[in-house]
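Taking the form predicted alone, here's one chain by itself in structure tokens.
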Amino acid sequence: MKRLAAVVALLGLATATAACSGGSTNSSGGSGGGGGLFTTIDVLKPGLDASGPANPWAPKGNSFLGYNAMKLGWIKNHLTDPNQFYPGIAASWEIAPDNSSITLHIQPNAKWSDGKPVTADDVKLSLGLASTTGSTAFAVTPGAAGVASDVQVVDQKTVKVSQDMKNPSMKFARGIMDNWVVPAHVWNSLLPADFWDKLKAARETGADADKAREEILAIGQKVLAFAPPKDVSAGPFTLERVNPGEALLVKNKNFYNAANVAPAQVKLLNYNGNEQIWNYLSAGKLDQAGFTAMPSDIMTRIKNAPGSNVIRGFSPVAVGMAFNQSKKPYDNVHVRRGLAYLIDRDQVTKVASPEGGTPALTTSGIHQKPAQEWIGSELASLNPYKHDVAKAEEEFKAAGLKKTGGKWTLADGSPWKVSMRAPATFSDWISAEENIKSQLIAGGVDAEVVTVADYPVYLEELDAGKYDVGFWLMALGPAPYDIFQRLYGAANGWTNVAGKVAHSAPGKGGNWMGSAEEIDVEGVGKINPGELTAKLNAATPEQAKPIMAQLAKTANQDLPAIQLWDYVNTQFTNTSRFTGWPEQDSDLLRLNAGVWIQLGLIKAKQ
């Protein structure tokens, strides 16, 4: 299950490119009601914590996205435009043509569950709380890309948020919309009276700025730990009770779209692993659940459950087999290319992710669905690295490797073993690596799979440069910068602060991938891929396309990672008790059922 959480967490980092766009007041139709109990799981939170607070920032809290936890807006699952949203607390919004500000119009009938109106003061305080945790469009790093520079209450239903245009980011508007909103009359004690002055000071440099940042970070710790005495929600539900087995939420009669909310209650069941979710789904207990990695026989069992329904759509993330180029022989591009030819990606995907992925067409750094739109005909010109043992041998020979007794060795005759790492809880990654291991051994390359305790340990050790080869999530759309920063960002030596790009040598500053700082790309010339990637942060879509084409060629030629499969957003629903589920390929599939319910889609089955 943590594999899914990792994917979801990375998706949360995917932020916007911008163009002027406007929202609309929620007019989701249907005469709602119908009542009934809606049962689901929270894919973001394995293991319910009965003592957790109703706090959306708390890592183990009992605020559940879309149910009792509300954001300003809900991000659509669009291929290339990250600035499309469904209304949340913001009924509508306008983004300035130059992306310098976003003006938010609060739902006119929005109330908290205790009957008090949702106001601009609630939104401003919530944005202040977000800044203490460094989330979304906020950061206390001086001049960091995308910081919100000013929050202005225009009137009690309107808020204008401005961007620091000295260092603009196309991800600004999305960073604002993707914020929690909590009631000021419950949370306002956390922010001191001079908080906004502190925040302004924290964006500068010098001793006073350092002091201000320290104070804001200390407030952030209080925000993470805050436990409201009662769940006061502006969402469709409020938390009634929680125990180790389940959390029960009841309908909020003050929710602005309550007339179109069907379930009277929502139950979120506890789970600690994929098997529990599979059993829930097989027994028809869940009305909805996000994807979990599973073998084909389990999928068949789930599909055979009465009312079982599977919905699939775009998921803007891929998985790659990434190399530590500071370790031999992975510093040699011919070795990386040889491995790309030797691995049959179709076979790997069929074994590891038959229901949640499609084999990557090639390595471009971009998910195959939006790749055509971003780089057009350049996609067809890329080397697909189709499975070809003969070409793999040519590449290994070009790298100076030797084949003795049917086994490849390093140039000096010493043994070569491809050692692949994966978190023990990521069953699909382990299945993929086991399959790759078999393919490599069949091709004369010794290989092994080593599991790591969990994902945080995996990332920590990966960052420390302890692994030769690891799996790496990439192609994180839809914003162009987010897509390529997974290959040419901090993990590969390039950091982008205040619009200034710095490069760390391999093995230093978190640079575990170790690509060359400058690469000579056929048909392009010498480029610095990290600097090109940084330009995407402020580029318009039309400015981004030629840059992305150059970076796709670079990734395809240099192979810092082999793109294995592109994820598919697979959702499980059950039609026995409720109807109105999103259609196949719906842009709602990036959102959970709590959002579907509050938008008025879900109806109780008569």
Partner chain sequence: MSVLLESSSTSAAMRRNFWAGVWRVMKRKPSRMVGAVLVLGFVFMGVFGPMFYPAQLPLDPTRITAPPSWEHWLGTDDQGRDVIALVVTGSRYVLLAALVTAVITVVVGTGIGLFSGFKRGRWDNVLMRLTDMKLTIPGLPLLLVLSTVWKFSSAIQMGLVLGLLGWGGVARAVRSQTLSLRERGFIEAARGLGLPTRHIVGKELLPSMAPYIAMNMLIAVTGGVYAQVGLFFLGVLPYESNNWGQMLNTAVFRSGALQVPSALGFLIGPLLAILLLTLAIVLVVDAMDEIFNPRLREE
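Numbering follows the first chain given and starts at 1. Quick caveat: nothing in here was measured; it's all calculated off a predicted structure.
What follows is about the form predicted together with its partner chain, which we do not show.
Engineer: Heavy atoms within 4.5 Å of its partner chain in the predicted bound form: which stretch in 509 to 517, 67 to 75, 179 to 187, 449 to 457 meets that?
Structural biologist: It is the stretch 449 to 457.
Engineer: Indicate whether the candidate residues N62, R241 and N270 are all in contact with its partner chain in the predicted bound form, with contact defined as any heavy atom within 4.5 Å.
Structural biologist: Judged in the predicted bound form, none of N62, R241 and N270 sits within 4.5 Å of its partner chain.
Engineer: Identify which of N279, T158, N304, T404 has a heavy atom within 4.5 Å of its partner chain in the predicted bound form; exactly one of them does.
Structural biologist: Selected residue: N279.
Engineer: Can you pick the one in R203, K350, K391, K327 that has a heavy atom within 4.5 Å of its partner chain in the predicted bound form?
Structural biologist: Selected residue: K350.
Engineer: Is there a heavy atom of I441 no more than 4.5 Å from a heavy atom of its partner chain in the predicted bound form?
Structural biologist: So I441 counts as contacting its partner chain.
Engineer: So in the predicted bound form, does A371 come within 4.5 Å of its partner chain, heavy atom to heavy atom?
Structural biologist: The answer is no: A371 has no heavy atom within 4.5 Å of its partner chain.
Engineer: My question is simply whether P295 lines the interface with its partner chain in the predicted bound form - judged by any non-hydrogen atom within 4.5 Å.
Structural biologist: Judged by the heavy-atom cut-off of 4.5 Å, P295 is in contact with its partner chain in the predicted bound form.
Engineer: Evaluate S427 for contact with its partner chain in the predicted bound form, applying a 4.5 angstroms cut-off between non-hydrogen atoms, and reply yes or no.
Structural biologist: Yes, contact at 4.5 Å.
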